[in-house]
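To begin, one chain is listed below as structure tokens, in the form predicted on its own.
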Amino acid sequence: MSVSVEQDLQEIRVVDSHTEGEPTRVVMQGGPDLGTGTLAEMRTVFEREFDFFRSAMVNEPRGSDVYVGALFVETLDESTLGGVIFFNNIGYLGMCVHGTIGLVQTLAHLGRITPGDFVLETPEGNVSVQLLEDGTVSVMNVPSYRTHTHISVDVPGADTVTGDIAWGGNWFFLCDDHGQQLDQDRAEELTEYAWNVRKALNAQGYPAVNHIELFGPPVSESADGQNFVLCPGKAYDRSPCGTGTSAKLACLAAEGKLAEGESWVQESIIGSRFSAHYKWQGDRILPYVSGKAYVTGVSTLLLNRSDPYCWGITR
């Protein structure tokens, strides 16, 4: 069954989960027919012809700004579990590690997989995943790398901040000289500050960077650092952000501050943690990020064309 604007009522089967606090909604049945091209081609079709479906799945009244959606699709490569396209309240993501962990746990909950090693297709390339007996999921993310270092950004109403730009499956600006106290109680202030950093950075000639990652000392003795990550749609990541952790590893590796195979534990603004390490692949790194996800619901969403907010409330 696939979604169509011609039908009065559509049923969409979804599984909701959270990965270290960050929600993922996996569309298992009822999604749009994207053809049989590559995942990148499918994402293009999704964006061009079915963007209303993206909005309906993750925006109010069915979702919220913090939701990340994952459309699970069948692909031509039978050696993989299938393909996944990630999206959020305003658009599409290249890769999403927390969403990948959520998808793997979803497939396990549905009885489609048992602990073992698997491959998933994404628009940014294939990623390897491992489901352990205790429910931990380890993701070998896409190759990650730093492109710019010590970029100074003049932030309106605040001091100049300096940071690096790196790719971890999405584009990040990473900094630790922001002067902000990283505390969940200050989420609104941190959101506004990071949003202003992003706007200033984009205006200074870096329009592709849509994630801002602020770093500080860890709260937990078992962690190596804490972060606050602002996502493209102005929601902050409740998890330590897997692609952001990958970007962090790329910067640490480039600086010679973290050796190949050495563990790095990243703590989120709510105290949840990812463990990570990397291997070199030429002048880039292959990040390995591990965490846990928990299924929170299995449900059928209804798309009713007579509902004036059927396709989501957008800004």
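Treat the numbers as computed from the prediction; the structure is a model and nothing was measured. Each residue number is its position in the shown sequence, starting from 1.
The discussion below concerns the form predicted in complex with a small molecule, not included here.
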{"query": "Site check Asp164, Cys175 and Ala254: each within 4.5 Å of the small molecule in the predicted bound form by heavy atom", "finding": "no"}
{"query": "The small molecule: the contacting residue among Val127, Leu107, Cys231, Leu201 in the predicted bound form [heavy atom, 4.5 Å]", "finding": "Cys231"}
{"query": "Contact assignment for the small molecule in the predicted bound form, among Ile85, Cys96, Leu103, Val139, heavy atom within 4.5 Å", "finding": "Cys96"}
{"query": "In the predicted bound form, segment of 69-77, 231-239, 186-194, 156-164 with a heavy atom within 4.5 Å of the small molecule", "finding": "231-239"}
{"query": "Touches the small molecule in the predicted bound form: Ser144 (any heavy atom, 4.5 Å)", "finding": "no"}
{"query": "Heavy atom of Asn89 within 4.5 Å of the small molecule in the predicted bound form", "finding": "no"}
